[in-house]
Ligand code: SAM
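The chain below stands alone and is given as structure tokens, in the form predicted alone.
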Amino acid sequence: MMGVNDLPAAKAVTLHRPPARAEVPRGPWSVAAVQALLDKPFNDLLFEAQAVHRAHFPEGDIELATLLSVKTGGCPENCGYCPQAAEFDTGVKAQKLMEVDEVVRAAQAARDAGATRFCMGAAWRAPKDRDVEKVAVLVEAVKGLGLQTCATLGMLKPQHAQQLKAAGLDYYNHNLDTAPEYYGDIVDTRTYQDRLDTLAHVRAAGISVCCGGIVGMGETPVHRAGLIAQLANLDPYPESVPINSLVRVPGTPLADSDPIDPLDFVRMIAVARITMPKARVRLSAGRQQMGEAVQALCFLAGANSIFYGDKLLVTGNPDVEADVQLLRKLGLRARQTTEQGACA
């Protein structure tokens, strides 16, 4: 099977990027200011986003991150988008935490295919002490392969964040999902402040933050602006910002939601790039439904990270071969080195 490292080297260096100067407005970002960006003429918005992107990422590379569900299903939360919630009948069966050797094999395969970051997800509301001890062992094992490590385990206590940092965790993912005003329509088993508290614990422990949201959940345009404003006004804003398009899973409350217009999704990527210029903006869930043309527009709008591999936790994702071919067609190259906890 061909991997990203097999892409012709000549094509990886033939992009000629003229010097770009982008005047980036500084925060704090009001919802109205973000909405004004989202409402810009499409070409103008993409031009501005591309200028910001070139100014901060002149190499134009794409980060490849692989996500593995190390503990699947049985979650007591009722997030309306999630097939792993115990109260929804989605066909996902609860499974215990994977063994170390299983995770190492998956991480090795991801590294061999070209991924530089390995993310481990566990369907917990909040891990217990014994859970964090076991995940810390997984983090150490994956770090030993030379990969960046990321985990998403639910809400964290301060001591748990510190324990994961000591094990070598580079990033912690904890998404805000949507704007505060719409959050209660999506989940009511935890509060928005719970999410913000976990992010604060992660920051205090010295772990870099991966935090984004989901669109296509029935939210209004102002809710989308509110999500970006919340993310951009975090101090500092996240080093990684995954923007997800809802994967509508039968059995979940949001299974019948109207999909977001593809160009509106591209707008979200562009505005994330403008408001968080140094972040890795990740084109995340929903890529399988987008097609190559929309993904290409997202890269033009400033996306420079993707989840890489044929599955995201329990939902589908373009397979490795498809992503290799897409990067080849677009003349894009994969990032070959890691940014250990740093904002590029």
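Bear in mind the structure is a predicted one, so any value in this text is a computation, not a measurement. All residue numbers refer to positions in the sequence shown, first residue = 1.
Quick note: we don't show the form predicted in complex with this ligand, though the next part is all about it.
Engineer: Using a 4.5 Å heavy atom cut-off, which stretch among 269-277, 123-131, 157-165, 232-240 contacts this ligand in the predicted bound form?
Structural biologist: Stretch with heavy atoms near the partner: 123-131.
Engineer: Please run the contact check for Asn244 against this ligand in the predicted bound form: heavy atoms, 4.5 angstroms, yes or no?
Structural biologist: Yes, contact at 4.5 Å.
Engineer: Answer yes if any heavy atom of His174 is within 4.5 Å of a heavy atom of this ligand in the predicted bound form; otherwise answer no.
Structural biologist: Residue-level check for His174: yes, a contact with this ligand.
Engineer: Taking this ligand as it sits in the predicted bound form, is Tyr81 in contact with it (heavy atom to heavy atom, 4.5 Å or less)?
Structural biologist: Yes, contact at 4.5 Å.
Engineer: I'd like to know whether Val202 contacts this ligand in the predicted bound form, with contact meaning heavy atoms within 4.5 angstroms.
Structural biologist: Although this ligand is absent here, Val202 would stay clear of it in the predicted bound form, with no heavy atoms inside 4.5 Å.
Engineer: What is the one choice in Ser257, Ser208, Thr116, Thr152 with a heavy atom within 4.5 Å of this ligand in the predicted bound form?
Structural biologist: It is Thr152.
Engineer: By the heavy atom within 4.5 Å rule, which residue out of Lys143, Arg111, His223, Arg195 makes contact with this ligand in the predicted bound form?
Structural biologist: Flagged contact: Arg195.
Engineer: Do heavy atoms from each of Arg190, Ile214 and Ala285 fall within 4.5 Å of this ligand in the predicted bound form?
Structural biologist: Yes, each of Arg190, Ile214 and Ala285 comes within 4.5 Å of this ligand in the predicted bound form.
Engineer: Is any part of 130-148 within 4.5 angstroms of this ligand in the predicted bound form by a non-hydrogen atom, and which residues would that be?
Structural biologist: Sequence-ordered list is empty.
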